[in-house]
Ligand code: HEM
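For reference, the chain that follows is the form predicted on its own, supplied as structure tokens.
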Amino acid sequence: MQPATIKYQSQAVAKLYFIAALGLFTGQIVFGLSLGLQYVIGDFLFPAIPFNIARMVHTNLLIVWLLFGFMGAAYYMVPEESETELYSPLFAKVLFWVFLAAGAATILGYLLVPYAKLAEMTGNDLLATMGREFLEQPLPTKLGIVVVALGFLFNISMTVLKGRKTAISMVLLMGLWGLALMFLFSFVNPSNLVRDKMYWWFVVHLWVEGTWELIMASLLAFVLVKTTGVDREVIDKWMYMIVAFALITGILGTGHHFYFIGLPGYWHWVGSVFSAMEPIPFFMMTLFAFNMVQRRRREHPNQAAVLWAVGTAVIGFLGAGVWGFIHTLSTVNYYTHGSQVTAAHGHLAFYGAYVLVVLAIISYAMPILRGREANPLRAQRVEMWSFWIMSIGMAVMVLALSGAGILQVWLQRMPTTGAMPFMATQDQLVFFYWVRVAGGVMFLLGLLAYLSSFFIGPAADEESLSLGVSTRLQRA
């Protein structure tokens, strides 16, 4: 492969964040697999790692590794988009180690200290913020996240302000600032349960169906600009339309979480209508990706990155769009809310929309950070296989969870008389849970294949061709 160098030396900071993201991603999948086994082998790893602790670690690692991925992507993209060095590479490195240490300490706290004791030790009595799903982090960790986020945003914003402003960098900045501002609602924990759930959804929903979608759109646009050579103006127009629809439907679509928590009944209509429209920006993203690839002006040597980018659009549409629509109408959600149908949607949506886009930017940027335009062809073949193995593994898990959810609703929630008790229903779902474990094992194998691709060198004939090209370039 032809040698390549990064355009701005400060982009090298991104490599730290990408490596950490991939390491934490691996940890998340290992804990997810242990959770799947605990569904069918109730005392698996008990009492060392109870189910509630394993689930906390699984979901918290998901959030943290995606944040590392977003930060690494921003540190790589913004200098190139702004045509200037990062405002402070040293500050970015310091924040990396602070964030990594805080994350590691928090996970160790979950695993080694009873959760109630951890809350007592970390000042939860001063400002009660613990105990809510996805926001289980102790108060010092939440404060640390705020400090790291503000430092990161200062660094990125100052870089954008002193350099060129592009649509990609501005949409990215808007999404990152929105992410940080929405997280502040995690510190609001009112005694009224309805208000508590409403503010909680301000964080969770307006992250994954609001500000994160802006980040995803900018990352996808950047990778497609670099790998297809399509005019930036064309990509910018598509991105503006996608972002507009994502914000309109995502913000008002929050209403599909307000159906049955005590808020006014008009949310049944607002949530149903705008949630039903949420697949539109994802469908537009699919059209966008295929349109850009068809109109490409160059055959980029990194075809693996193109595959991850197109996969983001397609699987994001299926997970966030189709599987989201399946149970978003209030009359359907009445039966499916909190069932395994919800788990199926959540897994496929996160994988398609966010996991794949982070892997796409890593797939594009890491070879350049390592001094070459793309990975060797042998490595790219392994990487492409990893995409298909992970995607098929995820499909197996999602179909199993969907089947489990449909049967769960039929047995436990739909009958007006003689509904099956919860635990008796769970016994009827064991087959689906075993299939989910098989899908999880397949996904882990795909991830290991992806990680192995970084250690695969070029074949002998490929190496000779690369050396020949380098020699000709030096003579020229």
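As the structure is a prediction and not an experimental result, all values here were calculated from the model. Residues carry their position along the shown sequence, with the first being 1.
Below, we refer to the form predicted in complex with this ligand, which is not included among the displayed structures.
- When this ligand is considered in the model of the complex, only one residue from 81, 278, 136, 383 comes within 4.5 Å through any heavy atom, namely 278.
- With the partner removed from view, the residue among 327, 268, 142, 132 that has a non-hydrogen atom within 4.5 Å of this ligand in the model of the complex turns out to be 327.
- Of the heavy atoms in residue 346, some are within 4.5 Å of this ligand in the model of the complex.
- Proximity of residue 432 to this ligand in the model of the complex: non-hydrogen atoms within 4.5 Å are absent; the residue sits far from the partner.
- Proximity of residue 354 to this ligand in the model of the complex falls within the 4.5 Å heavy atom cutoff.
- For the chain shown alone, residue 446 is not a contact residue for this ligand in the model of the complex, no non-hydrogen atom being within 4.5 angstroms.
- None of 228 to 236, 389 to 397, 167 to 175, 183 to 191 except one has non-hydrogen atoms within 4.5 angstroms of this ligand in the model of the complex; the exception is 389 to 397.
- Residues of 229 to 259 that come within 4.5 Å of this ligand in the model of the complex, judged by any heavy atom, are 256, 257 in sequence order.
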